[in-house]
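This text opens with one protein chain seen in two forms, each one given by itself as C-alpha coordinates under the names structure 1 and structure 2.
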Structure 1
Amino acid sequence: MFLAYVPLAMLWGTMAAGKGFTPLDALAMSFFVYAGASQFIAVDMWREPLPVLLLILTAFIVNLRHFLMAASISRHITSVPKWLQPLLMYVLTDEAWAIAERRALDGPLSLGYYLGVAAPLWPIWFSFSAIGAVIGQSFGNVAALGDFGLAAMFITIIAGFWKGPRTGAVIGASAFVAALAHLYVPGRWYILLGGLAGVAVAALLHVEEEVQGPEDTMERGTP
(Lines of atoms letter the chains of each structure in order from A and count residues from 1; the text may use other names and numbers.)
(Lines give C-alpha, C1' and ligand atoms only; values in the text may rest on other atoms or scores of the structure.)
Protein backbone atom coordinates (compact mmCIF):
# COMPACT_ATOMS: atom_id res chain seq x y z
CA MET A 1 0.00 0.00 0.00
CA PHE A 2 3.00 2.30 0.44
CA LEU A 3 3.59 1.85 -3.28
CA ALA A 4 0.27 3.48 -4.17
CA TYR A 5 1.82 6.93 -3.78
CA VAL A 6 4.79 6.25 -6.06
CA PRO A 7 3.11 6.58 -9.50
CA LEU A 8 0.90 9.47 -8.31
CA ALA A 9 3.86 11.39 -6.89
CA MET A 10 5.93 10.85 -10.03
CA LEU A 11 3.02 11.88 -12.21
CA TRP A 12 2.55 15.03 -10.18
CA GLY A 13 6.27 15.76 -10.39
CA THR A 14 6.34 15.46 -14.18
CA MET A 15 3.31 17.74 -14.51
CA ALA A 16 4.87 20.27 -12.15
CA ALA A 17 8.08 20.21 -14.19
CA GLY A 18 5.94 21.06 -17.23
CA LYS A 19 5.02 24.30 -15.42
CA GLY A 20 8.67 25.13 -14.68
CA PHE A 21 9.01 23.49 -11.27
CA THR A 22 12.57 22.44 -10.47
CA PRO A 23 12.98 19.18 -8.51
CA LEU A 24 13.57 21.30 -5.42
CA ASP A 25 10.38 23.32 -6.03
CA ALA A 26 8.44 20.06 -6.37
CA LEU A 27 10.07 18.68 -3.25
CA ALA A 28 9.18 21.83 -1.32
CA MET A 29 5.51 21.72 -2.29
CA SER A 30 5.12 18.01 -1.57
CA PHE A 31 6.97 18.45 1.72
CA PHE A 32 4.95 21.42 2.98
CA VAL A 33 1.53 20.93 1.39
CA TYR A 34 1.35 17.13 1.23
CA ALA A 35 -2.15 16.87 -0.22
CA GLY A 36 -2.37 15.27 -3.65
CA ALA A 37 -5.64 16.57 -5.09
CA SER A 38 -4.91 20.16 -4.13
CA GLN A 39 -1.35 19.88 -5.49
CA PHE A 40 -2.63 18.71 -8.88
CA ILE A 41 -5.12 21.59 -8.92
CA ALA A 42 -2.40 24.07 -7.93
CA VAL A 43 -0.14 22.94 -10.78
CA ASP A 44 -3.06 23.38 -13.15
CA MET A 45 -3.45 26.97 -11.86
CA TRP A 46 0.30 27.67 -11.85
CA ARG A 47 0.91 30.56 -14.24
CA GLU A 48 2.86 33.79 -13.67
CA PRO A 49 1.80 36.11 -12.16
CA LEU A 50 0.85 33.55 -9.53
CA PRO A 51 -2.65 33.98 -8.06
CA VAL A 52 -1.25 33.54 -4.55
CA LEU A 53 -4.43 34.17 -2.57
CA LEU A 54 -6.56 32.07 -4.89
CA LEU A 55 -4.04 29.20 -4.67
CA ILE A 56 -4.14 29.27 -0.87
CA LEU A 57 -7.92 29.61 -0.73
CA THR A 58 -8.45 26.76 -3.19
CA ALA A 59 -6.10 24.48 -1.24
CA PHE A 60 -8.03 25.29 1.92
CA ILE A 61 -11.41 24.53 0.33
CA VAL A 62 -10.26 21.34 -1.40
CA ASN A 63 -8.72 20.06 1.83
CA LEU A 64 -11.61 20.97 4.13
CA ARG A 65 -12.56 17.29 4.11
CA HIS A 66 -9.52 16.65 6.32
CA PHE A 67 -11.36 18.58 9.03
CA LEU A 68 -13.86 15.72 9.21
CA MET A 69 -11.18 13.06 9.11
CA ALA A 70 -9.16 14.70 11.88
CA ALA A 71 -12.31 15.11 13.97
CA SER A 72 -13.08 11.44 13.54
CA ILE A 73 -9.52 10.25 14.26
CA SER A 74 -9.31 12.43 17.37
CA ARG A 75 -11.72 10.04 19.12
CA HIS A 76 -9.33 7.11 18.65
CA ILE A 77 -5.99 8.62 19.70
CA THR A 78 -6.87 9.72 23.22
CA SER A 79 -4.07 7.52 24.58
CA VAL A 80 -1.48 9.55 22.66
CA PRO A 81 0.02 12.48 24.65
CA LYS A 82 -1.85 15.74 23.94
CA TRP A 83 1.25 17.61 22.76
CA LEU A 84 1.97 14.92 20.20
CA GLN A 85 -1.51 14.79 18.64
CA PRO A 86 -1.13 17.97 16.51
CA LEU A 87 2.04 16.52 14.96
CA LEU A 88 0.16 13.36 14.00
CA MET A 89 -2.34 15.47 12.06
CA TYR A 90 0.37 16.68 9.69
CA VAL A 91 0.56 13.24 8.04
CA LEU A 92 -3.20 12.63 7.99
CA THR A 93 -4.00 11.86 4.36
CA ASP A 94 -7.09 10.17 2.92
CA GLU A 95 -5.30 6.82 2.69
CA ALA A 96 -3.75 6.99 6.15
CA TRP A 97 -7.13 8.01 7.55
CA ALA A 98 -9.00 5.15 5.87
CA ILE A 99 -6.57 2.53 7.16
CA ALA A 100 -6.45 3.99 10.66
CA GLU A 101 -10.26 4.13 10.87
CA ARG A 102 -10.51 0.50 9.83
CA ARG A 103 -8.05 -0.41 12.58
CA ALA A 104 -9.95 1.71 15.11
CA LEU A 105 -13.00 -0.52 14.67
CA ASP A 106 -11.09 -3.13 16.69
CA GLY A 107 -9.94 -0.81 19.47
CA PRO A 108 -8.00 2.38 20.24
CA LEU A 109 -5.22 3.35 17.86
CA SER A 110 -1.71 3.02 19.24
CA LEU A 111 0.87 5.65 18.44
CA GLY A 112 3.03 2.99 16.83
CA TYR A 113 0.30 1.74 14.53
CA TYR A 114 -0.74 5.21 13.38
CA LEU A 115 2.84 6.29 12.73
CA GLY A 116 3.66 2.99 11.05
CA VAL A 117 0.86 3.60 8.57
CA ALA A 118 0.89 7.37 8.13
CA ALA A 119 4.49 8.48 8.54
CA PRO A 120 6.25 6.52 5.73
CA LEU A 121 3.83 7.87 3.12
CA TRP A 122 5.11 11.41 3.58
CA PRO A 123 8.79 10.87 2.56
CA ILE A 124 7.59 8.58 -0.24
CA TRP A 125 5.34 11.36 -1.51
CA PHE A 126 7.90 14.15 -1.46
CA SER A 127 10.90 12.18 -2.69
CA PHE A 128 9.07 10.65 -5.64
CA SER A 129 7.61 14.07 -6.47
CA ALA A 130 11.17 15.32 -6.89
CA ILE A 131 12.12 12.27 -8.97
CA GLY A 132 9.08 12.90 -11.16
CA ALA A 133 10.22 16.49 -11.67
CA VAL A 134 13.68 15.28 -12.71
CA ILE A 135 12.05 13.00 -15.26
CA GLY A 136 9.74 15.78 -16.43
CA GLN A 137 12.66 18.17 -16.87
CA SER A 138 14.70 15.76 -18.96
CA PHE A 139 11.81 14.77 -21.21
CA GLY A 140 10.79 18.34 -21.89
CA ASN A 141 7.26 18.66 -23.15
CA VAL A 142 4.95 16.48 -21.09
CA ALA A 143 2.25 19.13 -21.39
CA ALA A 144 0.51 17.07 -24.08
CA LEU A 145 0.08 14.28 -21.55
CA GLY A 146 -0.61 16.70 -18.75
CA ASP A 147 -3.62 18.39 -20.29
CA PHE A 148 -5.96 15.47 -20.61
CA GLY A 149 -4.00 13.29 -18.19
CA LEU A 150 -5.12 15.47 -15.31
CA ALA A 151 -8.73 15.39 -16.50
CA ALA A 152 -8.64 11.60 -16.83
CA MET A 153 -7.20 11.27 -13.35
CA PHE A 154 -9.82 13.54 -11.81
CA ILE A 155 -12.64 11.70 -13.61
CA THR A 156 -11.37 8.50 -12.01
CA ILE A 157 -11.27 10.08 -8.56
CA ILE A 158 -14.77 11.55 -9.00
CA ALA A 159 -16.04 8.07 -9.90
CA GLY A 160 -14.60 6.87 -6.58
CA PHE A 161 -16.78 9.40 -4.76
CA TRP A 162 -19.93 8.28 -6.59
CA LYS A 163 -22.82 7.65 -4.18
CA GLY A 164 -25.80 7.61 -6.51
CA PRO A 165 -27.90 10.15 -8.43
CA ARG A 166 -27.28 12.88 -5.87
CA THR A 167 -23.59 12.83 -6.73
CA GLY A 168 -24.66 13.27 -10.35
CA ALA A 169 -26.63 16.38 -9.37
CA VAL A 170 -23.63 17.72 -7.45
CA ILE A 171 -21.15 17.37 -10.30
CA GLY A 172 -23.77 18.55 -12.81
CA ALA A 173 -24.30 21.78 -10.87
CA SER A 174 -20.56 22.18 -10.46
CA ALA A 175 -19.92 21.74 -14.20
CA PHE A 176 -22.74 24.14 -15.15
CA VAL A 177 -21.60 26.95 -12.86
CA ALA A 178 -17.92 26.34 -13.64
CA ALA A 179 -18.63 26.60 -17.38
CA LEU A 180 -20.55 29.89 -16.92
CA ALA A 181 -17.84 31.28 -14.66
CA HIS A 182 -15.12 30.19 -17.07
CA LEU A 183 -16.86 32.16 -19.81
CA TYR A 184 -17.69 35.30 -17.86
CA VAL A 185 -15.36 35.59 -14.84
CA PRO A 186 -11.68 36.28 -15.55
CA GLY A 187 -9.03 34.14 -13.90
CA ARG A 188 -9.48 30.81 -12.18
CA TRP A 189 -12.43 31.59 -9.96
CA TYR A 190 -14.55 29.03 -11.84
CA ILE A 191 -12.91 26.32 -9.69
CA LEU A 192 -14.21 27.76 -6.42
CA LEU A 193 -17.55 28.93 -7.86
CA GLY A 194 -18.29 25.57 -9.47
CA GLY A 195 -17.13 23.69 -6.39
CA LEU A 196 -19.34 25.73 -4.08
CA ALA A 197 -22.35 25.32 -6.40
CA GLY A 198 -22.01 21.55 -6.14
CA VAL A 199 -21.72 21.75 -2.36
CA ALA A 200 -24.85 23.93 -2.20
CA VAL A 201 -26.77 21.34 -4.21
CA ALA A 202 -25.55 18.59 -1.88
CA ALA A 203 -26.81 20.54 1.13
CA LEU A 204 -30.16 21.27 -0.54
CA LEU A 205 -30.75 17.67 -1.57
CA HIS A 206 -29.81 16.25 1.81
CA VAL A 207 -32.65 14.32 3.41
CA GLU A 208 -32.51 14.28 7.19
CA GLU A 209 -34.23 10.96 7.89
CA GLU A 210 -31.48 9.00 6.21
CA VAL A 211 -30.11 6.52 8.75
CA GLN A 212 -26.39 5.97 8.55
CA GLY A 213 -23.52 5.09 10.80
CA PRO A 214 -21.25 7.89 11.94
CA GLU A 215 -18.43 6.97 9.58
CA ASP A 216 -19.80 4.76 6.89
CA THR A 217 -20.13 7.41 4.22
CA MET A 218 -16.75 9.04 4.61
CA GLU A 219 -14.84 8.27 1.52
CA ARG A 220 -11.36 8.05 0.19
CA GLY A 221 -9.71 10.08 -2.51
CA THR A 222 -6.16 11.04 -3.24
CA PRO A 223 -3.64 11.90 -0.54
Structure 2
Amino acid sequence: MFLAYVPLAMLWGTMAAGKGFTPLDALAMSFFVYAGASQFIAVDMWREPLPVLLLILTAFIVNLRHFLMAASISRHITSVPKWLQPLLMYVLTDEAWAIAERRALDGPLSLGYYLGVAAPLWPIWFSFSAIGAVIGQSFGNVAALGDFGLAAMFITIIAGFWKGPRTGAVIGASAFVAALAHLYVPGRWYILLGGLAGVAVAALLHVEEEVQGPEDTMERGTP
Protein backbone atom coordinates (compact mmCIF):
# COMPACT_ATOMS: atom_id res chain seq x y z
CA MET A 1 0.00 0.00 0.00
CA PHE A 2 2.86 2.36 0.81
CA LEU A 3 4.47 1.60 -2.57
CA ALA A 4 1.17 2.13 -4.39
CA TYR A 5 0.98 5.68 -3.03
CA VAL A 6 4.24 6.65 -4.74
CA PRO A 7 3.08 6.56 -8.40
CA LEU A 8 -0.35 7.96 -7.51
CA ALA A 9 1.16 10.92 -5.66
CA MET A 10 3.63 11.53 -8.48
CA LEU A 11 0.79 11.32 -10.97
CA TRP A 12 -1.18 13.95 -9.10
CA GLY A 13 1.89 16.19 -8.87
CA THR A 14 2.39 15.82 -12.61
CA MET A 15 -1.20 16.84 -13.34
CA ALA A 16 -0.93 19.75 -10.90
CA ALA A 17 2.23 21.00 -12.57
CA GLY A 18 0.39 20.88 -15.88
CA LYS A 19 -2.16 23.32 -14.43
CA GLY A 20 0.54 25.75 -13.28
CA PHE A 21 1.27 24.49 -9.76
CA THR A 22 4.82 24.90 -8.51
CA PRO A 23 6.37 21.97 -6.61
CA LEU A 24 5.83 23.96 -3.40
CA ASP A 25 2.15 24.49 -4.33
CA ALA A 26 1.72 20.76 -4.93
CA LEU A 27 3.44 19.87 -1.67
CA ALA A 28 1.36 22.37 0.33
CA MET A 29 -1.96 21.20 -1.11
CA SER A 30 -1.14 17.55 -0.43
CA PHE A 31 0.13 18.43 3.05
CA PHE A 32 -2.93 20.38 4.17
CA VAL A 33 -5.76 18.90 2.09
CA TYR A 34 -4.53 15.28 1.99
CA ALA A 35 -7.47 13.90 0.04
CA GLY A 36 -6.42 12.16 -3.14
CA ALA A 37 -9.80 11.87 -4.86
CA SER A 38 -10.65 15.51 -4.11
CA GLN A 39 -7.24 16.66 -5.28
CA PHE A 40 -7.54 14.83 -8.60
CA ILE A 41 -10.99 16.34 -9.13
CA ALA A 42 -9.79 19.80 -8.09
CA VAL A 43 -6.90 19.74 -10.55
CA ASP A 44 -9.28 18.64 -13.29
CA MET A 45 -11.51 21.66 -12.50
CA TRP A 46 -8.60 24.11 -12.07
CA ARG A 47 -8.84 27.01 -14.52
CA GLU A 48 -8.81 30.79 -14.71
CA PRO A 49 -10.75 32.46 -13.22
CA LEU A 50 -10.60 29.97 -10.35
CA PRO A 51 -14.08 28.68 -9.37
CA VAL A 52 -13.33 28.82 -5.64
CA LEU A 53 -16.84 28.16 -4.30
CA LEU A 54 -17.41 25.33 -6.76
CA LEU A 55 -14.10 23.73 -5.79
CA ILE A 56 -14.93 23.97 -2.08
CA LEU A 57 -18.41 22.53 -2.56
CA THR A 58 -17.15 19.71 -4.78
CA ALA A 59 -14.41 18.77 -2.31
CA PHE A 60 -16.98 18.78 0.50
CA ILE A 61 -19.36 16.52 -1.41
CA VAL A 62 -16.60 14.09 -2.43
CA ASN A 63 -15.27 13.87 1.12
CA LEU A 64 -18.63 13.34 2.81
CA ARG A 65 -17.79 9.64 2.71
CA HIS A 66 -15.20 10.36 5.38
CA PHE A 67 -18.05 10.95 7.85
CA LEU A 68 -19.08 7.32 7.30
CA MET A 69 -15.52 5.99 7.51
CA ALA A 70 -14.68 8.03 10.61
CA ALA A 71 -17.85 6.87 12.35
CA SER A 72 -16.96 3.29 11.49
CA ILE A 73 -13.37 3.49 12.78
CA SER A 74 -14.30 5.43 15.94
CA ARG A 75 -16.26 2.38 17.15
CA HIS A 76 -13.02 0.42 17.35
CA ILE A 77 -10.78 2.96 19.11
CA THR A 78 -12.96 3.72 22.10
CA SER A 79 -9.93 3.64 24.38
CA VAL A 80 -8.65 6.82 22.71
CA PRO A 81 -9.87 10.08 24.34
CA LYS A 82 -12.71 11.73 22.41
CA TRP A 83 -10.79 14.98 21.95
CA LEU A 84 -7.96 13.10 20.21
CA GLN A 85 -10.10 11.13 17.78
CA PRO A 86 -10.71 14.02 15.30
CA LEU A 87 -6.94 14.46 15.02
CA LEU A 88 -6.55 10.77 14.25
CA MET A 89 -9.19 11.07 11.53
CA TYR A 90 -7.01 13.60 9.71
CA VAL A 91 -4.75 10.78 8.50
CA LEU A 92 -7.68 8.49 7.68
CA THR A 93 -7.81 7.55 4.01
CA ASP A 94 -9.87 5.02 2.09
CA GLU A 95 -6.96 2.56 2.08
CA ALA A 96 -6.14 3.01 5.77
CA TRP A 97 -9.82 2.63 6.63
CA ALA A 98 -10.07 -0.61 4.65
CA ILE A 99 -7.02 -2.16 6.33
CA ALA A 100 -8.06 -1.02 9.82
CA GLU A 101 -11.66 -2.15 9.37
CA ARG A 102 -10.55 -5.59 8.21
CA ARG A 103 -8.29 -5.81 11.27
CA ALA A 104 -11.27 -4.97 13.49
CA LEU A 105 -13.21 -7.89 12.02
CA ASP A 106 -10.62 -10.33 13.36
CA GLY A 107 -9.76 -8.71 16.68
CA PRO A 108 -9.31 -5.44 18.58
CA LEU A 109 -8.02 -2.42 16.69
CA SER A 110 -5.29 -0.81 18.77
CA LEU A 111 -4.17 2.80 18.47
CA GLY A 112 -0.71 1.60 17.49
CA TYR A 113 -2.06 -0.53 14.63
CA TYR A 114 -4.23 2.30 13.32
CA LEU A 115 -1.37 4.81 13.39
CA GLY A 116 0.99 2.27 11.87
CA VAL A 117 -1.35 1.87 8.91
CA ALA A 118 -2.55 5.45 8.47
CA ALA A 119 0.22 7.81 9.53
CA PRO A 120 3.05 6.74 7.14
CA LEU A 121 0.85 7.31 4.09
CA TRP A 122 0.66 11.05 4.74
CA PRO A 123 4.36 11.97 4.24
CA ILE A 124 4.57 9.61 1.27
CA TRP A 125 1.65 11.43 -0.35
CA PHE A 126 2.81 15.02 0.05
CA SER A 127 6.51 14.37 -0.61
CA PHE A 128 6.00 12.43 -3.83
CA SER A 129 3.38 14.95 -4.97
CA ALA A 130 6.17 17.52 -4.98
CA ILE A 131 8.54 15.13 -6.76
CA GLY A 132 5.90 14.48 -9.40
CA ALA A 133 5.47 18.21 -9.94
CA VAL A 134 9.23 18.49 -10.56
CA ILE A 135 9.88 15.57 -12.90
CA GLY A 136 6.43 14.42 -14.01
CA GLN A 137 6.03 16.77 -16.96
CA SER A 138 8.68 14.80 -18.83
CA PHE A 139 6.13 11.97 -19.09
CA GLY A 140 3.70 14.03 -21.18
CA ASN A 141 -0.09 14.11 -20.74
CA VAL A 142 -0.98 11.60 -18.01
CA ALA A 143 -4.43 12.84 -17.01
CA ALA A 144 -6.15 9.64 -18.19
CA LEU A 145 -3.90 7.57 -15.93
CA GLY A 146 -5.30 9.42 -12.92
CA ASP A 147 -8.80 8.11 -13.56
CA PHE A 148 -7.45 4.60 -14.14
CA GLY A 149 -5.24 4.65 -11.05
CA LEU A 150 -8.03 5.75 -8.71
CA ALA A 151 -10.51 3.27 -10.16
CA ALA A 152 -8.03 0.39 -9.87
CA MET A 153 -7.18 1.26 -6.28
CA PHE A 154 -10.81 1.46 -5.13
CA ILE A 155 -11.74 -1.77 -6.92
CA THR A 156 -8.90 -3.50 -5.05
CA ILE A 157 -10.19 -2.16 -1.73
CA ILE A 158 -13.72 -3.36 -2.47
CA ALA A 159 -12.49 -6.81 -3.53
CA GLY A 160 -10.77 -7.22 -0.17
CA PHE A 161 -14.15 -7.19 1.58
CA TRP A 162 -15.82 -9.80 -0.64
CA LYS A 163 -17.77 -12.37 1.36
CA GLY A 164 -20.27 -13.73 -1.12
CA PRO A 165 -23.66 -12.76 -2.59
CA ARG A 166 -24.53 -10.28 0.17
CA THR A 167 -21.36 -8.37 -0.57
CA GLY A 168 -22.29 -8.43 -4.25
CA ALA A 169 -25.70 -6.92 -3.45
CA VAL A 170 -24.10 -4.03 -1.57
CA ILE A 171 -21.50 -3.40 -4.29
CA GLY A 172 -24.11 -3.71 -7.04
CA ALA A 173 -26.46 -1.22 -5.37
CA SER A 174 -23.65 1.26 -4.87
CA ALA A 175 -22.47 0.93 -8.46
CA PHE A 176 -25.98 1.17 -9.93
CA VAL A 177 -27.00 4.27 -7.96
CA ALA A 178 -23.63 5.94 -8.51
CA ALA A 179 -23.87 5.34 -12.26
CA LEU A 180 -27.41 6.76 -12.44
CA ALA A 181 -26.42 9.78 -10.36
CA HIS A 182 -23.36 10.36 -12.53
CA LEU A 183 -25.60 10.43 -15.60
CA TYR A 184 -28.49 12.48 -14.27
CA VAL A 185 -27.40 14.45 -11.17
CA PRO A 186 -25.11 17.44 -11.80
CA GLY A 187 -21.87 17.66 -9.84
CA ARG A 188 -20.07 14.96 -7.87
CA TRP A 189 -23.03 13.74 -5.83
CA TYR A 190 -22.71 10.26 -7.35
CA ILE A 191 -19.88 9.42 -4.92
CA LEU A 192 -21.99 10.12 -1.85
CA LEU A 193 -25.23 8.71 -3.28
CA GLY A 194 -23.53 5.47 -4.32
CA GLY A 195 -22.07 5.09 -0.84
CA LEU A 196 -25.41 5.75 0.86
CA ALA A 197 -27.12 3.21 -1.40
CA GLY A 198 -24.59 0.58 -0.36
CA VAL A 199 -25.08 1.44 3.32
CA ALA A 200 -28.87 1.19 2.93
CA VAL A 201 -28.71 -2.25 1.30
CA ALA A 202 -26.24 -3.49 3.90
CA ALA A 203 -28.54 -2.29 6.69
CA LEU A 204 -31.56 -4.00 5.11
CA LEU A 205 -29.66 -7.28 4.73
CA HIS A 206 -28.51 -7.05 8.34
CA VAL A 207 -32.07 -6.51 9.58
CA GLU A 208 -33.29 -9.42 7.45
CA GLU A 209 -30.57 -11.65 8.90
CA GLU A 210 -31.55 -10.72 12.47
CA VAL A 211 -35.23 -11.38 11.77
CA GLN A 212 -34.58 -14.77 10.17
CA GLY A 213 -32.06 -15.86 12.80
CA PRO A 214 -34.47 -16.80 15.61
CA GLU A 215 -36.80 -18.63 13.21
CA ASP A 216 -33.95 -20.66 11.74
CA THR A 217 -32.77 -21.50 15.25
CA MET A 218 -36.25 -22.73 16.27
CA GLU A 219 -36.53 -24.87 13.15
CA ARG A 220 -33.29 -26.59 14.05
CA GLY A 221 -34.70 -27.37 17.53
CA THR A 222 -32.10 -25.33 19.37
CA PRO A 223 -33.42 -23.70 22.59
Partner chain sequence: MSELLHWPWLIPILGMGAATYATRLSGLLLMRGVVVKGRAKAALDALPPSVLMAVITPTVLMTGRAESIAAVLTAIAAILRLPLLATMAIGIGSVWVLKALGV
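These figures come from a predicted structure and were not determined experimentally. Note that the rigid core is defined as the largest set of C-alphas that superpose within 1.5 Å between two forms. All residue numbers here refer to structure 1's sequence, counted from 1.
Original post:
Which of the two structures shown, 1 or 2, corresponds to the form predicted alone?
Top reply: Pick structure 2 here.
**OP:** Align on the rigid core first; then say whether the Cα of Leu57 has moved by at least 2 Å between structure 1 and structure 2.
**Re:** Stays below the 2 Å threshold, so no.
Original post:
Honestly, after the rigid core fit, is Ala70 moving at least 2 Å at Cα between structure 1 and structure 2?
Top reply: No, the C-alpha position differs by under 2 Å between structure 1 and structure 2.
Subject >> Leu11 C-alpha relocation of at least 2 Å between structure 1 and structure 2, rigid core basis >> reply: Stays below the 2 Å threshold, so no.
Subject >> Core-referenced Cα shift (Å), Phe161, between structure 1 and structure 2 >> reply: In the core superposition between structure 1 and structure 2, the C-alpha of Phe161 moves 12.0 Å.
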